[in-house]
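This document opens with one chain alone, in structure tokens, the form predicted alone.
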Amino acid sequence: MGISVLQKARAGYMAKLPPALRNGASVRVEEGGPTTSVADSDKIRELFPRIFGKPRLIFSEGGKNASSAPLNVGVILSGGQAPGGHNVIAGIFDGLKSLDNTCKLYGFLGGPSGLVDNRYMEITKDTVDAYRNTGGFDMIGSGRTKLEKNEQFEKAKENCRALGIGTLVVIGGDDSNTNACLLAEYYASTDAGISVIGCPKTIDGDLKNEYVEASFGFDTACRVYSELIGNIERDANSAKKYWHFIKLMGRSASHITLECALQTHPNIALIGEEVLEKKQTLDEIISDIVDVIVKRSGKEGNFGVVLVPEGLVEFIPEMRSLIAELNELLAREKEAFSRLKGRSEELAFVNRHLSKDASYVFSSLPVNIQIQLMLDRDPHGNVQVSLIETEKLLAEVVGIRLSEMKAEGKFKGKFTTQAHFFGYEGRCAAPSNYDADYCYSLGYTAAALAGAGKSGYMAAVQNTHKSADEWACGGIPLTMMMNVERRHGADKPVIQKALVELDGNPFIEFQRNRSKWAVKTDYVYPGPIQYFGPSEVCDQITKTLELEKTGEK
């Protein structure tokens, strides 16, 4: 495997740890009071009777392991990639070795399917050292197989027992950690002797709460996207002839779009949660964009930058209702739909089975968007919004509206567009110092949870907006984050996604400045991630975290 000059230099970076872990993963555990779920507590208690209500755990230095025997731990990477995953594994490995040098760490290959199919490798010091502070999940690979059936749980149990594994660590997003919660409950109910621990991963930033202050990878991905946006802003301000419509990852929440807006000051940034709150229609969104374009054409020029969250269509009320109905329809009529031949039959079938209102909205969309809405669902039964070219839809409809205004003499400028989608560019970047440190600490915390014999918890590291000397770590019960949502046409227990809070400091800061950014050219060019140099350059935190914790930039 080739090694770049940067990778070679980064291999020597020593990730920071909270004080409680600096002498190893054997910690003193302080327990809080009983906990409940974020919503639907009666249903969640009924579904998870053995692990519901566990206390929060806070670690401090100087404890003893729950068992004197060496620990064998299994780890899986689940879902999409996020910068820092390798450092989580490195933290688990180093943490285990601090407990007992004979502890072993096994990585299941290809994600959850590797756990079920018994595809694994033992992770050694040489393996870990080759991947420290690197991006990607290529050490053991990832996958999107859902762990939700008893047969899967039993196969996983057999495979773990054959390797002497007493703890499984699931590194993933909200759905993956929901599966970890199901697994923990099942193993508790069957006295399997296997603990399950989760780690919060997703670049989307929607796995967080009062106690889990960030999902890893968000910091790095936003810095990568912001560099690219800044480059485009510089180009737009140089050429002065294009409007750039940039779609950014974030299916269920607009955290990435908001963070990138705070970093780069685009002319327009659409926040899905605001669209939903205001019940904005597609027509109203188009009108707002057109208004900015017309104003800028007379003052600044015929150029600008629009940021669009990946999941925007699901926040527009009429589109949200349509997609929900489509999800139900395609889940219910899966077999009948699979027998159809060609797009014409599929379009006719969908229109025939939708309600009158949904059919009207569906028929009013360009055919290519209709087709994208019918494409195969993701493993969780949801429309794959990343395949819907929202940025091109907006650019096209805005162009039509401006052409009509030009014919009426209401617009005298020019409108030429470029469309972009920044997604995979950010998922496997070399982690920023923040993510390198945070992820290593999460992994080490997971090892400490394993050493303490805990199950049904998510590793948590807090106060990361401060110096590492002030970081705190411990465990948060997975059931604390659970609620009930509609999936595949049925109610399912899932970890609640964290949406952009419209009364939160990050959005308020954006709201305070966007009118100025809309008309004036006030672009900021963040440049690439810096790994070496002054702390104020290399150890930055996201604007989101800074504003959430301090209330000011």
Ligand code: FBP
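All values derive from a computational prediction rather than experimental measurement. Numbering starts at 1 and follows the sequence shown.
Just so it is clear, the following notes concern the form predicted in complex with this ligand, a form of the same protein that is not shown.
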This ligand isn't shown here, but in the model of the complex, which of 318 to 326, 96 to 104, 75 to 83, 295 to 303 has heavy atoms within 4.5 Å of it? 75 to 83
So in the model of the complex, does any heavy atom of E259 sit within 4.5 Å of this ligand? no
Taking the shortest heavy atom distance, is I203 within 4.5 Å of this ligand in the model of the complex? yes
Quick one: does N237 come within 4.5 Å of this ligand in the model of the complex, counting heavy atoms only? no
How about K157: is it within 4.5 Å of this ligand in the model of the complex, going by heavy atoms? no
With this ligand left out of view, choose which of Q418, N483, Q280, Q384 has a non-hydrogen atom within 4.5 angstroms of it in the model of the complex. Q384
Heavy atom within 4.5 Å of this ligand in the model of the complex: which of P477, P112, G91, G250 fits that? Just give me the one. G250
Spell it out for me: taking this ligand in the model of the complex, does every residue among E310, Y424 and R427 have a heavy atom no farther than 4.5 Å from it? yes
